[in-house]
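First comes one chain, alone, set out as structure tokens in the form predicted alone.
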Amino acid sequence: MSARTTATKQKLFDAALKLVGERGAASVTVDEIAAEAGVAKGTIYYNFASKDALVEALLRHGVEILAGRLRSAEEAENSLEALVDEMLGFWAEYPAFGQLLVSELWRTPGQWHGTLSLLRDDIVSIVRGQMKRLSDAGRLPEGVEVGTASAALFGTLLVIALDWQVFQPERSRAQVRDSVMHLVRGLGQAR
């Protein structure tokens, strides 16, 4: 893919994300996305077959960015705290993506449910790796399963990040991260 094509797609992603975050995917038109991006309507159809294809590509693009950040957290000394911090940082940088993900992920049945299920599984599998390491070290509380802990942490961070962005924007990322870490400290205790 050429640099120009990549830049155009990023411009379309940014415009679509802004509009979709404000009003939801169903309420946004191709004309509005093109106008927001400052491109001709045909540019969208040249790069994507439809608005739906653009939204699906946007979802995949956002999850790729988030997954990359979470994978980098795996190398940190305190990888659980780094994972929490990276996820909060992503939601702070892309709050409209969080809104899109929440609105579409739990809409049943949603238009992008199949894609979102796969994307959710990608992210949760990274979190699951962290939970598995804690479990192997005997640091998960008795009776807590790795899969449950993974989904719970992902869901908790998504909802807390949205709550932070909408209702408590005056709080710093570090304050929110520290609060989350207080919630999950039990994960660091020996059985």
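So that there is no doubt, residue numbering starts at 1 and follows the sequence shown. Please read these numbers as outputs of a predicted model, since none were measured by experiment.
What comes next is about the form predicted together with the DNA, which is not displayed.
Contact with the DNA in the predicted bound form, defined as a heavy atom within 4.5 Å, is made by none of Trp106, Ser125 and Ala151. The DNA is not shown here, and in the predicted bound form it never comes within 4.5 Å of any heavy atom of Gly68. Taking the partner from the other structure, the DNA in the predicted bound form has a heavy atom within 4.5 Å of a heavy atom of Asn47. Within this chain, Val146 is remote from the site of the DNA in the predicted bound form, having no heavy atom within 4.5 Å.
At a distance threshold of 4.5 angstroms between non-hydrogen atoms, His61 is out of contact with the DNA in the predicted bound form. Comment: the DNA is not present in this chain, but in the predicted bound form one of Val28, Ala161, Leu140, Val55 has a heavy atom within 4.5 Å of it, namely Val28. The partner is not shown here, but in the predicted bound form the stretch 40 to 78 reaches within 4.5 angstroms of the DNA through a heavy atom at Ala40, Lys41, Gly42, Thr43, Tyr45, Tyr46, Asn47, Ser50, Lys51.
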